[in-house]
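First comes one chain, alone, set out as structure tokens in the form predicted on its own.
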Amino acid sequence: MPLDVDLKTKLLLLAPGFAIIIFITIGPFVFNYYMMFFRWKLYDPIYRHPVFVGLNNFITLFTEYSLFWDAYVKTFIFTLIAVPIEFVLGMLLALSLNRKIPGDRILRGILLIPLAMAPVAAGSIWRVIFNPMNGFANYFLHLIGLPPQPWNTSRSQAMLTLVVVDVWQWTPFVGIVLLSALASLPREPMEAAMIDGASPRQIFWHVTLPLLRNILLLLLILRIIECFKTFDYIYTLTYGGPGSATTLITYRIYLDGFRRWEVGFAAAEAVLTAIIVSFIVVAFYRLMRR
């Protein structure tokens, strides 16, 4: 028989869990929104302690601080390159594994390896691979008779290096989710289309994709959010360089908050980023629903 526990006992048992949630999530969230109205420079004698400046941090962002918007442009470029590649490759993986092929279970297990790897570890491994002096990438190019490349030390190639790492880690995630979605689709619409004489390509474009619309929308929103949160690859692979070639928005906030020690200014950047990402997600959601 179930135990009859009164409300006071239930609240007492739940209190430690709620305290941890408040301390870990809600506390920093409220503190960040509080600090965005203050100028707090830990290295500055004048602003060593928080000084209330109202909306001055946001005014500075919109009128004077071009590095912030330059990081946004680079983040948009990174997202527009990485996400479509991941969706195309992920769909190809899902379609390939959705049929009975020898060793399909082994392939699915291999796909989980990039997902199980911490982004910091992945970035460190790819830093060794893309080492311009003795990395595996240039060694492979040497074997096929091509000249070595500067990879993450070149302004023109560093962004593509980040894209390669991101595609490597997140394409399996897209593929596995789409594979699960394909396995759950009803067979009746596809069988009816085949009876009507539709080709496999027509079935894919006019039957399969519309049925996957909600899953594709969810994946798109998740990937956009993750692209705007990209930090680990930058920190371990390029350090935002060369120059500021790979300084995406999260790394810019990190530099302002933990290198320049402008805590209040970094808090304003973080809040503005959250607002912009929310608008982007809502816009994509409405567009895809149509």
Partner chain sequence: MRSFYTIASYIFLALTLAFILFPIYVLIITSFKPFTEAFSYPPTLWPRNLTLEAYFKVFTHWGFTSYLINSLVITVSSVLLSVIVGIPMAYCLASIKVGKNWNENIAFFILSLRLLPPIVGILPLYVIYSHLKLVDTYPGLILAYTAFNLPFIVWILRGFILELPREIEESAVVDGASVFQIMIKIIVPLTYPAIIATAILSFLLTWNEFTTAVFLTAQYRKTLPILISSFIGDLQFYWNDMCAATVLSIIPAIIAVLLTQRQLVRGLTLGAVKG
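The structure presented is a predicted model; accordingly, all values stated were derived computationally and were not measured. What we label the rigid core is the largest C-alpha set whose atoms superpose within 1.5 Å from one form to the other. Positions refer to the first chain, counted from 1.
Omitted from view is the form predicted together with its partner chain, to which the following refers.
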query	finding
Stretch in contact, per heavy atom within 4.5 angstroms of its partner chain in the model of the complex, of 154 to 162, 106 to 114, 185 to 193, 76 to 84	106 to 114
Contact at 40, 134 and 181 by its partner chain in the model of the complex, all three, heavy atom at most 4.5 Å	yes
In the model of the complex, the residue from 203, 211, 217, 167 that sits within 4.5 Å of its partner chain by heavy atoms	167
Contact of residue 57 with its partner chain in the model of the complex (heavy atom, 4.5 Å)	no
Distance check, residue 232 to its partner chain in the model of the complex, heavy atom within 4.5 Å	yes
Exercise: residue 97 in contact with its partner chain in the model of the complex, heavy atom 4.5 Å	yes
Its partner chain contact at residue 253 in the model of the complex, heavy atom, 4.5 Å	yes
In the model of the complex: members of 127 to 156 within 4.5 Å of its partner chain, any heavy atom	127, 128, 129, 131, 133, 134, 135, 136, 138, 139, 140, 142
Displaced residue check between the shown form and the other one: residue 276, CA, 2 Å or over, core reference	no
